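The chain below stands alone, shown as structure tokens; this is the form predicted on its own.
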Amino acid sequence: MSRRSGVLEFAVLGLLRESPMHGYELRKRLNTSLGVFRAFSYGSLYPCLKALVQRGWLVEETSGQPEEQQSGRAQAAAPLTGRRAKIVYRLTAEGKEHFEELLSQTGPDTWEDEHFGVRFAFFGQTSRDVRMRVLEGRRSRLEERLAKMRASLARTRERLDDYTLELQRHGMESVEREVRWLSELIESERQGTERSGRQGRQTGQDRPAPGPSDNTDR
């Protein structure tokens, strides 16, 4: 499975975890909520859905309402109307479990440009410690990239024309902005962890010690 198809499967599972959807609605959500998929078509989406159904992570449910017109996609005809039925995709228990496993992953793939954006879109469903590892990994990756860009620019500056030089500077500034943004997010996550820890300690301090009656056999 290619990295790009893996990202698409992750996004589909994440969206269907929120609610069942038909293919047209899924495509709209991928296009509008996850910008990395703006160029994706039904030709990419439906093979992905079929594969997820075959693995037992999704099930297809047919409703009587017609789906939007889709080129190259044969649907079962709705009874009496002669129009194609709308196929709704729903996440199974196994699919939810698999998606939660994917959410817990924090390896290098989660830091890459394409995958990071999709992972970030589902941070609301991700635990804080996993968010921290992904954010810190992404920042480290960009800091490495920035160091290489600076070194390359220092070696080639004299051979570049003004426009190429300006383009390279623009690229560096974009990476620097994202590093600052990531640092702000990481600091916010840390402050949230500290606040939770203080609240937990205060709750424990305020809780009265159990009295003799608490241990009385019933």
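Bear in mind that the values here come from a model prediction, so they are computed numbers and not experimental data. Note that residue numbering follows the sequence shown and begins at 1.
What comes next is about the form predicted in complex with another copy of the chain, which does not appear here.
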Indicate whether another copy of the chain has at least one heavy atom within 4.5 Å of a heavy atom of Leu45 in the predicted bound form.
no
Does Glu166 reach another copy of the chain in the predicted bound form, with heavy atoms at most 4.5 Å apart?
yes
Contact with another copy of the chain in the predicted bound form for Lys86, defined as at least one heavy atom pair within 4.5 Å: yes or no?
no
Can you tell me whether Arg131 touches another copy of the chain? I mean in the predicted bound form, with a 4.5 angstroms heavy atom cut-off.
yes
With the partner absent here, would Leu91, Glu94 and Glu143 each sit within 4.5 Å of another copy of the chain in the predicted bound form, counting heavy atoms only?
no
If we check another copy of the chain in the predicted bound form, which of the residues in 109-128 reach within 4.5 angstroms of it by a non-hydrogen atom?
Gly117, Phe120, Ala121, Phe123, Gly124
